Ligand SMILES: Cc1ncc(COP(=O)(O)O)c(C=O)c1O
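One chain is shown next in structure tokens, namely the form predicted alone.
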């Protein structure tokens, strides 16, 4: 592959100085290009802040900027304002600020602080929070800096972000072809390659899936449980890329990441305020660690079977009523793409000393483009979990925990993390996290710009069918949240299929069986399409062609009734009679949900559930351990069980065709 062109902006209002510097840098870049074959530096002339900002928005290949501070001070291009605007557009850029000895105190771009204060304070803030100053900053003396030196510094900074320390070490080890006398037992695939029975599996998976599957016996690959070399460096690069204070790699998904954080903060019990629609891993953590839950009822759009964010008024009321809570947990963005206006929520929680965990499983891409910011870390969340595999390029189960908590105890957190981490992690997953971070840092902006274009093209093409319709925020958001500042991730397209004469399940099956297209999920009348980094224009053409043909042909199965819409919204949250942990692990017995006559079992009313019952999709608990079983809850669960609409009911037991529920034995 040919060297990649990398753009570096040189910004100065001093035209003679800028032209002289550009000429010298171009010569230095040409010399470096002969020595380094990884990428070519191309220095771009920018006479003003406006030109730099335009370049940052339009050219994803821009990776760094050299700013001549003395030539910007006092001009329309105020350096402090420029840095803030640049941060909002491209936080990943490496910056090189050229200053003079006279540029102290009031002349520096930060309300009178000296150069030393800027270096000592804002550099630390940028590394710790990722919000005050974009990317990494190198301070240079305008009078003494040599263009050749500057060229090397720029190349070194970009090369550092381009490193994948763990993935590189794994690759080098694999290519060294060592003999394996250690776990795993397939020994780089040798146990399968020549087998008459299972060689086909080896051929299906490929050589490298096996020879990258190694163990802690290979010390050069570091230890995920106690990293000190290449995994540690990879995690530090990830923290910088995602704007965190610390980042930890997780190889068993965001489900485990959520449990680790809840254990870290509430392992000895305590009160947690959480969205009823949180991922079930958070509810499981409440059970495991004896936390006292304060549930925030989920909002619902019954027309489309979608559950939205909690109204801000409900969050504020819960924070006011429970100032003794230790943790607030919210999901942003949700499976359907809803994003909270997080900044005021986080601020209100912090004012009461409450930590904030945001589940960003579906939003790992949020930092890399201004169309998706601010994300949770921008808004001050203490802990953020991300499924790097959902929208970015990591392998399934590969996730990250990002930490910005100023009172973070790393040693204690790592002990909690190690309780949930296998001593035999999948090294390919770790490598994929390293590579996904590199891609986000170096081409996240341009890739997401491309994805936004694909999403726009899909919306236009789907609308042109005249039958299928992409829902907007106003269609999907419950009315009660209209003034809460909720936004919608434009890469998650919910398509209303109602006018086609088909139900969503029929559309899903037709796309899969007739056109070879697999979509993300369905409700009774919507399908969801995800535009990820793997989206291509060819896939767009095939999907639009399939939907156009489905729109023209009408129902797939003539004369068959569509499956019923989901049973009405979740029943009201009932009272908790005991902690979920006590109910789940205590004495219990099974009782039928229905009576012999067919109605609900009246004897079950008032009993306390010992299990979590979750209709899936959408995966929101209708009943939690410790909750009192009310008539509304029992009726809802029985109706779901009998609906035949394909909803799974996790937590119910079917015996003899009847639903049974485990309850606390009084």
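Numbering follows the first chain given and starts at 1. Remember, it's a predicted structure, so these values are computed and weren't measured experimentally.
There is another form of the same protein, the form predicted together with the named molecule; it is not shown, and what comes next is about it.
Novice: Can we say 258, 331 and 387 each have a non-hydrogen atom within 4.5 Å of the named molecule in the predicted complex?
Specialist: Yes: each residue has a heavy atom within 4.5 Å of the partner.
Novice: Within 4.5 Å of the named molecule in the predicted complex, heavy atoms considered, which of 448, 377, 285, 361?
Specialist: Exactly one residue meets the criterion: 361.
Novice: Quick check on this chain: which one of 312, 326, 279, 87 has a heavy atom within 4.5 Å of the named molecule in the predicted complex?
Specialist: If I apply the 4.5 Å criterion carefully, the residue I get is 279.
Novice: Spot the stretch among 88 to 96, 387 to 395, 575 to 583, 478 to 486 with residues whose non-hydrogen atoms come within 4.5 Å of the named molecule in the predicted complex.
Specialist: Partner-contacting stretch among the options: 387 to 395.
Novice: With the cut-off set at 4.5 Å between non-hydrogen atoms, does residue 147 touch the named molecule in the predicted complex?
Specialist: No, no contact at 4.5 Å.
Novice: Find out whether any non-hydrogen atom of residue 254 is located within 4.5 angstroms of the named molecule in the predicted complex, and reply yes or no.
Specialist: Output for residue 254 is yes: heavy atoms within 4.5 Å of the named molecule.
Novice: Indicate whether the named molecule has at least one heavy atom within 4.5 Å of a heavy atom of residue 399 in the predicted complex.
Specialist: Yes - in the predicted complex, heavy atoms of residue 399 and the named molecule come within 4.5 Å of each other.
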